[in-house]
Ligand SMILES: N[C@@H](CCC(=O)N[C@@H](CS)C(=O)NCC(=O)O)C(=O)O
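A lone chain, given as structure tokens: the form predicted on its own.
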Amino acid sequence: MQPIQWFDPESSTYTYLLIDETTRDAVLIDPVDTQLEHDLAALKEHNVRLNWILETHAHADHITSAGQLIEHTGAKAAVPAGCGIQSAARQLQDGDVIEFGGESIRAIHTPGHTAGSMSFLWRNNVFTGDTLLIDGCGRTDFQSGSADALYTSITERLFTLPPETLVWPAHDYRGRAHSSIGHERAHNSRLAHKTRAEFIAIMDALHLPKPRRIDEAVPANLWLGVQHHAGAVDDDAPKVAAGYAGDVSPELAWRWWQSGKAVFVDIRTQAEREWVGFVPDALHVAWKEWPGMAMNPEFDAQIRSVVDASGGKPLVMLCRSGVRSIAAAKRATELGLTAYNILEGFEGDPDAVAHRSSRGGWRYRGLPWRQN
């Protein structure tokens, strides 16, 4: 059994799907946001249930789709503990095991490209991220990189695996799909037969240009690809989006709702509404619910009923982080409805968190919300 490999041509990134053929449980490694629709279609095509999304590190050259996949599929994210990636269900330490169906994957801490970088061992396959590439390795000149640590990770951790172990990297720029530990140990141009000092000298002399998307990608990837819109958001017009009507600021959504132009739908769980606060008179159609944040099986019927009762008005959807509401807006669009996502969610903007006003109610971005 080999992994299923997908390629993103813009970032030259490989994504891997691992499947337990008996249970159809699955794991996805290093997904890319621009490939989200492809990945969702592929999961359906292979008839699998996505259990886990694994990240080898916080990428600098693309944005992960992990946060969106979590909301679409109900999967959980597992990430290296040393990378500072927030909101994942599990922070992995060296030697931790991820189980899916009857299969298991072991995490191997392989710092050097970044301090937290991990590789993942599954059967006779090792997914090396940017640590070990085919005839190369990841750069070490940013994100807490260290050529010395990378040399140790590769020579003392990866190269000690059986030589027939297949190497599946996060990137390749020459169309090569995989290699093997034995081949890389004997032929890798940066590492084979090189001393530690020689390797460090090679890495120090690279002088590579800064990754084009690093300033955008790293902050987003620290939140599983959910971008917190720190810049100004147009309060007067929707922002174009793929797969649904568009993104709107909280202010614009509020005005539409107050003027009767749109229906306000809160898709958070009932527990979140009771804990954080809820919008008075907004309609509640949960995308997921406790226990276990399971998908709401009645979502389609409930959201159709909302639109029918409102005379076909557009929907503006709110969640806590701004991720579930994207998934819900896309699903509503698939049902033939007009649906917008409210940017940032209820707690998405750290400078505009809801707070209790002197009059006893809750306010968010100057808009009235209440707890009970």
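Position 1 is the first residue in the sequence shown; the rest follow in order. Here the structure is a predicted model, which means the values were calculated and not measured.
Not on display, but discussed next: the form predicted together with the named molecule.
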Quick one: of Arg212, Arg123, Arg106, His284, which gets a non-hydrogen atom within 4.5 angstroms of the named molecule in the predicted bound form? Arg212
By the heavy atom within 4.5 Å rule, which residue out of His171, Arg157, Arg273, His183 makes contact with the named molecule in the predicted bound form? His171
Quick check: do Asp33, His72 and Lys288 each get a heavy atom within 4.5 Å of the named molecule in the predicted bound form? no
Among 263 to 271, 194 to 202, 137 to 145, 246 to 254, the stretch whose residues bring a heavy atom within 4.5 Å of the named molecule in the predicted bound form is 137 to 145
In the predicted bound form, does Leu208 have a heavy atom within 4.5 Å of the named molecule? yes
In the predicted bound form, Leu133 touching the named molecule (heavy atom, 4.5 Å): yes
Determine whether any heavy atom of Arg190 comes within 4.5 Å of a heavy atom of the named molecule in the predicted bound form, and answer yes or no. yes
Against the named molecule in the predicted bound form, would Val316 count as a contact residue? Criterion: heavy atoms within 4.5 Å. no
Quick one: which residues from 49 to 73 get a non-hydrogen atom within 4.5 Å of the named molecule in the predicted bound form? Ala60, Asp61
